[in-house]
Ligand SMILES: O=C[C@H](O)[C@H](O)COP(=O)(O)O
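Just the one chain here, laid out as structure tokens, in the form predicted on its own.
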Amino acid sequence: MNADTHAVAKATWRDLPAAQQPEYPDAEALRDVIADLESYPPLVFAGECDQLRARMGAVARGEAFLLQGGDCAEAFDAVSADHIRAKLKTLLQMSAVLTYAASVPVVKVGRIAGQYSKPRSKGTETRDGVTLPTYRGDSVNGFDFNEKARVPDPERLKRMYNASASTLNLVRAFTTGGYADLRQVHAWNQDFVKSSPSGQRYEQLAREIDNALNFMKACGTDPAEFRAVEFYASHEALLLDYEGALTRTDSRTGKLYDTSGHMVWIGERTRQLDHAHIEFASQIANPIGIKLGPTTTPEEALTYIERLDPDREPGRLTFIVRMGADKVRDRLPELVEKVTASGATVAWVTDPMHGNTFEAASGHKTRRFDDVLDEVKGFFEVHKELGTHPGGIHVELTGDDVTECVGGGDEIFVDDLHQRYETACDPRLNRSQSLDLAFLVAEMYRDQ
């Protein structure tokens, strides 16, 4: 990977309007930080991004399923082995359920090692008559409600880089160093099985996997693929100063890659066709996702394909649809029909979280597990009716036993939300709810 800077990208997207960018009080300090970041090593490599693009090609063609999940917003103080292992454990368990119960290869992508920034619906927040800039994630400002914490600080971009590098280092160690070995399926569950119905259901599946592995070993087969997993990192490409500074020219091909993560996506609030985020995404060769909300028109979807996937390469473009449980069955069919008719082969993925948020009487933002599940059901129903492939799920989750979303097998009630409400932004599924979802998705996939 050549560390040559990104002149082509600079010449195009920097002159366009960009939504959801911080207002830094010191422009010179920002320029200094960007210059430093441009000299830093890449966090991921072009060849890894190409490999994920090939895997996503299988998803787009209907040969694999994407599991994409992780924190709503990562936090600098949560970059520890325990936190990262807990998230990874949950994703590995969900993947084992989907692979074994649905008999489908699963592409594993974390919302991890870069998800430190959040778009917000309002630029300011008011409490007790005091108005301050809104919290936009640890990469921008602090969560504490005081003037000093809420001022955007460009030095936080360097902290995001360092936190992402530490996280990736741990993820690579876990996924290649034996922890992700399929023969560890029981070990991922030991702390969980006695207290949770979903944990007990998972343990039964783990025994079946064990028996299958023992049978294969007795037959003289013990593939190396069972000992490690491919695991990729993704985040929303929100802060263009950061993403641009980590864009590099690949010495093999001369193409530009955003080396902050293997896959990046453009959010619902920044997907304006004439703005900088789409232009930036069009310049890089990474796999790209676009969040599509209920107002998306087929014409917009087709224009995204023209802009971001002009060569019609399966695996290049993923449409992550976030309609809401009450709208997905009405709004999604026309999008899928028109895109399919155009000849493009995109991956269709459901984000059942963001369209189903509401505020409880206590003031906590939350989601009903039943609504999350209903949106996934609607997504599968639409694809089954149209004969197209439901390519994956994109969920906000944690490996911790938080109380942020109501419902699930270990039912959390609205009155329980305050007990362990730990998210800095949006509510996440806890480990039990995540496993419940994986089993239900596996059943839906089999029914396709």
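Just so it is clear, the model here is predicted, and its values are computed rather than measured. Don't overthink the numbering: it's just position in the shown sequence, from 1.
Here the subject shifts to the form predicted together with this ligand, a form of this protein not shown in this document.
For the options His354, Arg150, Arg331, Lys377, the residue carrying a heavy atom within 4.5 angstroms of this ligand in the predicted bound form is His354.
Residue-level contacts in the predicted bound form: of Arg307, Arg159, Arg227, Arg269, one residue has a heavy atom within 4.5 Å of this ligand, and it is Arg269.
Although the partner is absent from this view, Ser121 contacts this ligand in the predicted bound form, with a non-hydrogen atom inside 4.5 angstroms. A residue is said to contact a partner when one of its heavy atoms sits within 4.5 Å of a partner heavy atom; Ala18 fails this definition for this ligand in the predicted bound form, lying far away. Put simply, Cys72 is close to this ligand in the predicted bound form: some heavy atom of it is within 4.5 Å.
Taking the partner from elsewhere, His275 is found to have every heavy atom lying beyond 4.5 Å of this ligand in the predicted bound form. Stretch-level contact analysis of 44 to 52, 61 to 69, 26 to 34, 419 to 427 against this ligand in the predicted bound form, using heavy atoms and a 4.5 Å limit, identifies 419 to 427. Using a 4.5 Å cut-off on any heavy atom, the one residue of 384 to 398 that reaches this ligand in the predicted bound form is Glu396.
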